[in-house]
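The data below hold one chain only, encoded as structure tokens and taken in the form predicted alone.
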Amino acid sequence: MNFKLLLEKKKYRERITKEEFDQLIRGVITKSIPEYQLAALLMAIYFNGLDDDETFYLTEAMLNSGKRLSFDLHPLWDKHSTGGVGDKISLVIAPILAAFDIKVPMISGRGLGHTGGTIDKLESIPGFRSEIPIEQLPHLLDNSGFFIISQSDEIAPADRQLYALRDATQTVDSIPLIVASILSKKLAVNTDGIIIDVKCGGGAFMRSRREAETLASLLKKIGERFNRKVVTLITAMDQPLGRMVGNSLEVIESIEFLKGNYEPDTKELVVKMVQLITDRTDAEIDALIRSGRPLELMKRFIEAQGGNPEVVEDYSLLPQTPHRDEILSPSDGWIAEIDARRVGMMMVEMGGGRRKLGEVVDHRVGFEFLKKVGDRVERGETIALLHHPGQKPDGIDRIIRVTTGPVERRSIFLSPSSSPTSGAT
């Protein structure tokens, strides 16, 4: 392949053909294309975009770069989030769906930049293994009703290589590249459908509502060209989701949720997702959780993937920081803002996130928010706890803003959510 010609085509906004995308991805896999040339192409795509056909061809080529997984158990659903701060929904919804006899084969990622990753959270559990041989996956589905594994060299390997370059070239937030990255992994499993939570706001990759709607629409459109049902919803990511931010802390909050101790925003999102897939009512979902069945499946899942299931009852088995400092309200008033992006960046500064792929994270560090936007506070009241290894990050006093007037509590949903299907875009 004449890569210079390919680069020139995208430089001048010309279309790349299916055959050229196939050759391109073969070159990525064989490492026959220099990284500096790939980086130049990613930047050209970032500025000049891909049309729907090009996005489909790129997704297909990346999907075909690895193996596909097929399971006989149905119904099969997968879930994905485009990334946020404190987003532990995968840990909660998988056992709940499994308890409703919906199998969930989930391939998840590690955190990068200011957003957390499901695999990092799970790997805070002593002994937990995210890399599982493909031949063992049917047993995991049969045993727990779900599994959550990391992307391997066998599934969409081209995506792993391109993602590292996208991070290095600041092209992670290119919408067609996001679509190809997500769907090349999710379509590798023969699910009946995929539900995708598109995060929008300061703590997300999609900052504006318009960007989020464009991404949600394209994910649905490309997924359906592969004859796959794709359900999307757009949710706010201006403040952290739930109370906890940090790998081991979010495991604790997820387990508490499965014990029936809900935070309002996480419950709102989990219930809506379950209702987008099933016809269950709020009361039925609540009754199922309080029956203990999802928690039991969570314990089975942890043990089946090598983790210590006793963490469900004994949180002291999880990594903990030696220091826990209070963050106090500077005045009387109402919480007007908790800056999710700044919180995420502080997580990176403390070692709880990573600046580039391959970095080791500190599973112990994080934040515990005792108050959320809209809550009333008094001067000197504890509004959050910082779990840190010894040195606090700069700017702690700037993550929470208190105002003198009442602040309206808003739904997490940015797309209509008045009925079980209207949250889909």
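Note that the coordinates shown come from a computational prediction; the quantities given were computed from them, not determined experimentally. The first residue of the shown sequence is 1; numbering continues from there.
One more form of this protein exists, namely the form predicted together with a small molecule; it is left out here, but the text below deals with it.
Asks: If contact means any heavy atom within 4.5 Å, which of 230-238, 265-273, 341-349, 163-171 contacts the small molecule in the model of the complex?
Replies: Partner-contacting stretch among the options: 163-171.
Asks: Scan 243, 103, 199, 80 and let me know which has any heavy atom within 4.5 Å of the small molecule in the model of the complex.
Replies: By the 4.5 Å criterion, the partner-contacting residue is 80.
Asks: Can you pick out, from 182, 148, 195, 302, the residue that has a heavy atom within 4.5 Å of the small molecule in the model of the complex?
Replies: Only one option qualifies, and that one is 182.
Asks: May I ask you to check whether residue 178 falls inside a 4.5 Å heavy atom distance of the small molecule in the model of the complex?
Replies: Yes.
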